[in-house]
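In structure tokens, one chain follows: the form predicted alone.
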Amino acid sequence: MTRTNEKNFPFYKKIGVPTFENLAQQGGFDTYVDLQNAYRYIQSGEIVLEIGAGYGRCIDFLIHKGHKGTIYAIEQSAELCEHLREKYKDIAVIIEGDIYQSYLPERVDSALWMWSGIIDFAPDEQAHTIKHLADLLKEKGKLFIDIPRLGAQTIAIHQDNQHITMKTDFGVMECYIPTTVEVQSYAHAAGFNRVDEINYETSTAKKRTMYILLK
């Protein structure tokens, strides 16, 4: 059976950097408000993994913060990886692959799964990937997961509070927004000891929730 994340992949293969950047502006993510929240938990020398690197938004933020630790950035789209390697070849280690099953040369201190990345996965895939990410983290590692706030309207079509469909010129995205209870359940099954929660709004009034899973 084809995974939901695999069905959604053509969107990222086709979207291109300029459109990605425009979507970031529309969502208010170009101000890095989500990453500012996350960085309160991160030390400047930590090894950081970005999941779904896209056009390099998180890498740009880490550069701006003067981050001194190694930066790994995993991206499934070959086209986006080409852009990332060209722009950040001396700054970050770019890995082309699917986080569902990819591995790293070393364990990391913090993993950033930002800008709704988890909702491209079905619930069983979300649980599997969080368990896999826990295995990529150090003993006291942290996983950051950022999603639309449950019940808040997004640019997608809402079947209910959790199931949404986004129809674009680049493909159709079928997404699932987990509840707090589900995220806590995923975290517990993966061996995390604590889950913190931050609710915030972007500069364009998008209501968001960030979960910080701590080992």
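In this text, all values refer to a predicted model and were calculated from it rather than measured experimentally. Numbers for residues come from their place in the sequence shown, where the first is 1.
In what follows, reference is made to the form predicted together with a small molecule, a form of this protein that is not presented.
Q: Given the stretches 71-79, 133-141, 103-111, 86-94, which is the single one in contact with the small molecule in the predicted complex, using a heavy atom cutoff of 4.5 Å?
A: Checking each option against the 4.5 Å cut-off leaves 71-79.
Q: Classify Tyr200 as contacting or not contacting the small molecule in the predicted complex by the rule of any non-hydrogen atom within 4.5 angstroms, answering yes or no.
A: Answer no; every heavy atom of Tyr200 is more than 4.5 Å from the small molecule in the predicted complex.
Q: Classify Ala187 as contacting or not contacting the small molecule in the predicted complex by the rule of any non-hydrogen atom within 4.5 angstroms, answering yes or no.
A: Flag for Ala187 set to no.
Q: Is there a non-hydrogen atom of Asn5 within 4.5 angstroms of a non-hydrogen atom of the small molecule in the predicted complex?
A: Residue-level check for Asn5: yes, a contact with the small molecule.
Q: Evaluate Ala127 for contact with the small molecule in the predicted complex, applying a 4.5 angstroms cut-off between non-hydrogen atoms, and reply yes or no.
A: Close contact is absent here: in the predicted complex, Ala127 is far from the small molecule, nothing within 4.5 Å, heavy atoms only.
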